[in-house]
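Before any questions on binding or motion, here is one chain by itself as structure tokens, the form predicted on its own.
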Amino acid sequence: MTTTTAAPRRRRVPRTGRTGTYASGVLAWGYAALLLIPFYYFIISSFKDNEQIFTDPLGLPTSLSLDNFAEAISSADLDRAVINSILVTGCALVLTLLLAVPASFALARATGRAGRVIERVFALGFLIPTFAALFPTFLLAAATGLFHTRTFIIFLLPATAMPLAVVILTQFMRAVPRELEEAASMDGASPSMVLRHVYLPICIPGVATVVLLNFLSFWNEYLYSLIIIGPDPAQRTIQVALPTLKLTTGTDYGVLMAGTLFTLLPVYLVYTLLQRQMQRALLAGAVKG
């Protein structure tokens, strides 16, 4: 006698649920199109001259010549400006992590009222508008003798990034089980070893999020770099050098688009390297919420 097993019945999705799925899909694809069309226009315009841009804005370029990129790099010294931006951004990121990681570790392990007060003091940094600190920063740069230098910007940028970095990393480190720290301490690990071998490996998604968000902020910083560093071609960053492509006699929009696209390549590379860790951090936050 043979027995037959009934196939599992597929669970029917309610009609309201399917409607919501279709609607969310349409909205997602529509939003993606809104983002892709300007990006497409931006890329194809970097291979055109002004006449082609205005007569056929969305048409493909007649050639893929790199003359606009070469003109942008040579006329505005974009290659040197990119090196300056990499130097400023890289040093500022290292300083930010060197300051924010130990501070977050101490705040995450603190159990008294003082720790909560200090954490709120860091959070108050979000309330300070950028323009409010401009004049005191100018005076500080002049008093320290670092005016018109990249060094002052390297020390300034981590100060602006500390509130966000400390708040994010503290929340990640609070999620580390205390049992792991206690086990490491029983094996003779010092607090610095606990931080390096227990907390940091678990908090890699949080560190990657801090690095990515601050990289975008530091790379695109314009106001303080323009005022503190100035227009010196030997020290100016990419965001200060890029507007010099606009001439008084007129603007070659193809060259301007090519120069802007050239400056976005490092941003794309960094985002590609860190996006998976940042997605893990966002998913972890959603699960906790």
Partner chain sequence: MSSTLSRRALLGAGLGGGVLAPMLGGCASLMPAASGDETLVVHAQFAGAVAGADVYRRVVQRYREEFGAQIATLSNGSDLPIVFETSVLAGKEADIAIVNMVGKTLAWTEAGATVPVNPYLEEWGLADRITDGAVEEWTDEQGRVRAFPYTRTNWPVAFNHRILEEVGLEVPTTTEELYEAADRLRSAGYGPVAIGGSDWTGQKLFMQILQSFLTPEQAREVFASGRLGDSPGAAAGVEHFVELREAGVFVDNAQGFNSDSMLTQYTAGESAIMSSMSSALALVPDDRAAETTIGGWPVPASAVLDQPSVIQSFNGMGLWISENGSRKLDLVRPFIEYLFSEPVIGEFILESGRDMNAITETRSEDYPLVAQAQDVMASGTVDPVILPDLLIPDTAFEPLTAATAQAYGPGVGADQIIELVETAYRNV
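Positions refer to the first chain, counted from 1. From a predicted model like this one, the values you see are computed outputs, not experimental measurements.
Here the subject shifts to the form predicted in complex with its partner chain, a form of this protein not shown in this document.
Among Leu99, Ile204, Cys91, Val167, the residue placing a heavy atom within 4.5 Å of its partner chain in the predicted complex is Cys91. Of the residues Gln235, Asn68, Thr263, Ser45, just one reaches its partner chain in the predicted complex with a heavy atom at 4.5 Å or closer; this is Gln235.
Using a 4.5 Å cutoff between non-hydrogen atoms, Ile154 counts as a contact of its partner chain in the predicted complex. Interface membership of Tyr222, defined by any non-hydrogen atom within 4.5 Å of its partner chain in the predicted complex, is confirmed. The closest non-hydrogen atom of Gly250 lies within 4.5 Å of its partner chain in the predicted complex.
Using a 4.5 angstroms limit between non-hydrogen atoms, Thr55 touches its partner chain in the predicted complex. If you check its partner chain in the predicted complex, you find no heavy atom from any of Asp79, Val176 and Tyr199 within 4.5 Å. The stretch that touches its partner chain in the predicted complex, counting heavy atoms within 4.5 Å, is 137 to 145, out of 205 to 213, 113 to 121, 137 to 145, 176 to 184.
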